[in-house]
Structure formats: C-alpha cells, structure tokens
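First, one chain by itself: the form predicted on its own, in structure tokens.
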C-alpha cells in the first residue's frame, strides 16, 4: 500500500465545483481538476484490503483498485494506466459520469468516508492522454472476419474497441451525425465535454475502427447487406422506449420526454440544425420535471442554463434517508439521498408526488394537477402507494419533462424482420455468449440488459465481444476442419 495508516491520517476530499453564478452561464464542465498532490493524498487513504470489495463487489468492470492507488501514490503513472485500461476501455467516461459503485463498497466506508477512487482513475487517464502514454496501437495481427456493430453508445463502442484490439475488423453504424450515442447526445456537456468523446473516437479510428454515420440500419442498410459482408452483427442501440404517463391532457404541446429535450440541447451545442417548430426550450418558463433520477437532474441543470423562470423536480417515491438504511447494508449500493451538481444550482425537489392531470389552453399545457401519496407494504410485501386525502394541488407550468426511465429497446427493423426473441421484460433475449435467437446476431448493453449505467454498458460490451470471439473461433475451426475433409 502507498502509506501505511494513511486512511487514519488523511480525510476524504472531493473535487470542488466552479461557482454557481459562473457555471450557469455556460455548459462547460462544472467539476474542477484536482492537483496531483491532492490525488497522492487521496491515494494514500486506500487501505490495501485483504479482500477488496471495491474490486470484486462494487465495480462491474472489476478494476483492480488497490494496485492502482498504490501505483499512483508512487508516481508510477504509466503502469497505473496499463492496469486501468486492462479492465476498462474508457476510463475517461466512467471517471466523469459513473456514480462510483466501487466507493459504495469500499471497506473504509463501513465507518468512515470511502476512498476517492473515481478521482484517482480520472487522474490516471488524464495523465495518459496529456503525457502521451495513450497512443494509437493498431493490432499487429488482423483476422479475416468482419463484425458490424449497430449503435455507437458506450456498449457499442466497448464491443468495437475490444474486438478491434483482438484483431478483428469492425465497422460501427449509427443513425446520428456524430458517434457516441448517449455519451454525446444524452449527457450534458457540463458533466461530459464532447471533446472527451471526440478524442476517444479519434483514437479508435486511428487504431482501425470504421464508423459509418447517418445510416439507419434496417432502412438505409438491410440485414441481407450486412449478412453478405460481415461474419457477425452486434445490436447495441440502447434502451430507447421511454416510460410514458397516462393521464388526461398528456397529448398537449409542451410535454416532452426528457431524452428528447437533452438530445436537442446537445445537438444545439454541436451546431446541428434544429427546426424552429421542433424547438424545446425552458427559457422564461416554469418547468416541471417528473422523475427524480440522474436524467431528471440533467434536465434540471439544462433548464437552469436555459434561464428557466422556475424548475421543479417531482418524484413519486419517498425521500431517501441521509444515512445508509438497513435494507441496503454495506457493501450494497446504498439507498440514500443524492445531490448532484445541478441540485446545488437551484430548483426545488419534492417527493411522494403523483401527477393526475394536465390542463391546457390553445393546445398547449398550462397547468399540472398533482397529489401527495403515501407508501406502505402491500399484502404480497411489495411497496404500494395511495393518495393522501386533501393534498391535491395545481401548478402553472409551460414545460413538462417526463424522466421516468425506459421500458425497452423500442422498435428495431432488424429485430422485427428476423423475429428476434425478447425476454419477459421486453429486452432482446441473449444466451450466455450474448447471442440472440438468430445465429450470428448478438446484443449488448441496455438493449439486452435493460436501462442501466454507462459502466455496466461498457462491461456488458466487453463480455459480448468475448462471446463474439468465441463464436468466430468456433466457426473458423469448423471451416478449417471442413477444408481438411
């Protein structure tokens, strides 16, 4: 370990944010960089546990965290980078937007503040790019097989990068103008600057990954086209079907899905054209965000930067406790209240609020009617809610953003044409090698696993790539045996 007893000597120090009055004027990243001297101290807090739960229980990528912190403490940055990228294709993404599942299972966190693992990883990958440790390294050997990856979000990029490093030729298709999926279009710049995405895409291109953009597979390109040119296809289009709300007035103008709102703002910052009649803006409006998760928080920060008059975030679930509750003990992910950088900028959060109706004028939403609810355990043990009598309230509103998660991958031409099977939750059904019910077609990330975190999408992409390699090796072996016969 870096410094024996360092966790007794040093306190946890999180990175600071830019001043609220400054960051609300732009969409630049809000988190300030920590100096290497601060990172050294934070690395010294790692206990070098005999059983590192951060590595085995917390991180979906199984990052070997104690080794990383020790290498950083001793200024062995390049070695630390090699260890980090051995399990994580894109540390520059996870270190900026991952909620740090590893820190929640840190042994030090049992009775103290956990180690700042995310910041150590961010320092490593930043040094990797700045000091030139990360250079294009195309594979020495190239196999004949080719793979098409449909979708350039975190899962698709992970599949493509992993297969390319193994030596396979990979082409990534995406219907958008630029690659990156949710990393580019769904996550605001104040959390993940798009130059970070561009830098990684350039590195992948320099290493041999091909990108075909502005192409909708199934419409612009048929499955037969892909089948004749590729030895395997991976679907990684994400979870795109948003959960809707069924109440009177839902069809009024001014009510949008959260991701449509975020995507449009990211396109605006990218300089992509937005038609006037399609424009969604919070400027000068009272905004209500329905849903209390990270996407809702992103909508809050975006609306404040668009100079909204007032912003409210309603959540139907109860307010989480300040301290870790008994039902999510260490090393589980704790059900505690979390305050993002956006929450610290303004707006009002309310819990146990259900939406009953929207009313409008001239076809546009004018007000929202809500009611407070209370939760209890039902006869089957599940949580259920009921309205609290006399708590109905109306609120004038000009923009409503629905941020209640996703229910599945949505419509996909290839999936429909080939009758690819779905599981009981509506996701694409895959086997242990991540292959669908159609031979040679695989699925990765949210499309197969359901809505989840970017870090889990990357991890699933790595496992899917491994399944594709096994499939191609088995297929290659059969061909070789057949030729011998």
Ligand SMILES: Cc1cc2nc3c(=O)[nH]c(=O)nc-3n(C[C@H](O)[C@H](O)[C@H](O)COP(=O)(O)OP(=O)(O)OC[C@H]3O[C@@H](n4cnc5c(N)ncnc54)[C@H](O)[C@@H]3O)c2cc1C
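Not measured: the values here are computed from a predicted model. Numbering follows the first chain given and starts at 1.
The discussion below concerns the form predicted together with this ligand, not included here.
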query: Location of this ligand contact in the predicted bound form, chosen stretch of 244 to 252, 375 to 383, 143 to 151, 277 to 285 [non-hydrogen atom, 4.5 Å]; finding: 143 to 151
query: Residue 175, heavy atom within 4.5 angstroms of this ligand in the predicted bound form; finding: yes
query: Distance check, residue 191 to this ligand in the predicted bound form, heavy atom within 4.5 Å; finding: yes
query: Contact label in the predicted bound form: residue 97 to this ligand, heavy atom within 4.5 Å; finding: yes
query: This ligand contact at residue 370 in the predicted bound form, heavy atom, 4.5 Å; finding: no
query: In the predicted bound form, the residue from 91, 237, 301, 291 that sits within 4.5 Å of this ligand by heavy atoms; finding: 237
query: Candidate from 123, 232, 182, 102 lying within 4.5 Å of this ligand in the predicted bound form - any heavy atom; finding: 182
query: Those residues of 195 to 218 which, in the predicted bound form, come within 4.5 Å of this ligand by heavy atom; finding: 215, 216, 217
